[in-house]
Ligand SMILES: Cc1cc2nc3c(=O)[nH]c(=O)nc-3n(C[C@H](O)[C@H](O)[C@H](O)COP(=O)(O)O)c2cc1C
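Before any questions on binding or motion, here is one chain by itself as structure tokens, the form predicted on its own.
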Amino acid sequence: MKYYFAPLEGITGYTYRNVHHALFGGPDAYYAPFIQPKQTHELETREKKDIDPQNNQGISLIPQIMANKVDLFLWACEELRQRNYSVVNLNLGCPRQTIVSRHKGSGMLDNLENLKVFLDGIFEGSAKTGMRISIKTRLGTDNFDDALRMIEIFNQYPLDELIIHPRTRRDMYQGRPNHDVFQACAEKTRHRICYNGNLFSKADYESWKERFARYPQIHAVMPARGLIANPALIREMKGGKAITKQELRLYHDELYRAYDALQYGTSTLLHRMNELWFYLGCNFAGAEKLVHKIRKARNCVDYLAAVDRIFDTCDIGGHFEGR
């Protein structure tokens, strides 16, 4: 089994990846938050930094592209090829309304005929450059009626890999992924499959594996939110030791120092750390009020004092459960 670190916009950029990799390692690949190529054929400064090989040394990184026009997708592929990337991932999963309204991400699943025309174009173009393409997708918009039809379409292309998040766009991140539909798709696909969705703990993974171990085409899993909350989750999935409070403290402190070194200012620093605490706080049983104080801090002195208090007074043992 391979283990991938899912992308999460605003959190899992190169600064985060370097800290996580140095302290825990684990993933066979990190997936970068998506690039959105523009008609101007210019990457944003943030995007350039995130995929710069110099900022990802020693890390196996797979960039992700969100586009609905063949020429823009292929332009982005060429930018990545020039940076020595050989695999890119097409995002057909993002359910955010601002993305869907522009017919990107899971918005491309509204019209499967249009999606097929797009796929025809990008695979024809990529064949000339040798760039390999994987797809990360949901399995429908409002329901799963077209899930198997989607698999039939994907089967027509030489995907490097198919990453399936068995929710619909309407589901967003609520409820449970539909394992019955995922199984039906796994039985129909001709591609290697990676599973993504609600792997928040070792127990979640063991339960999932018990059901799907007999499918050799399912060769990878991609934890996301659970791995941000517990950066040692992949280690635990592989049978290693559970994370300790000392490791969590070091994880926090190294991220704090790394973000602070970017010199973006107190507001940005605390915003980034507060995003982390949405997930990290789930490790501490009965610590909701203390986590609230952390996230309400408006200066670094108050923030660090609140962090000290939660690590000094609370035991760990919980995990992210989805919300």
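Numbers for residues come from their place in the sequence shown, where the first is 1. All of these numbers come straight from a predicted model, not from anything done at the bench.
Not pictured, yet referred to below: the form predicted together with the ligand.
Although the partner is absent here, Gly107 is not a contact residue: none of its heavy atoms lies within 4.5 angstroms of the ligand in the predicted complex.
Taking the partner from elsewhere, Gly197 is found to have a heavy atom lying within 4.5 Å of the ligand in the predicted complex. In the predicted complex, at least one heavy atom of Glu9 sits within 4.5 Å of a heavy atom of the ligand.
At a distance threshold of 4.5 angstroms between non-hydrogen atoms, Asn91 is in contact with the ligand in the predicted complex.
Of the stretches 252 to 260, 281 to 289, 32 to 40, 51 to 59, only 32 to 40 has residues with a heavy atom within 4.5 Å of the ligand in the predicted complex. Distance criterion of 4.5 Å from any heavy atom to the ligand in the predicted complex singles out Ala224 from the list Ala224, Ile133, Ala147, Ile234. Exactly one listed residue, out of Tyr215, Tyr173, Tyr85, Tyr157, brings a non-hydrogen atom to within 4.5 Å of the ligand in the predicted complex: Tyr173.
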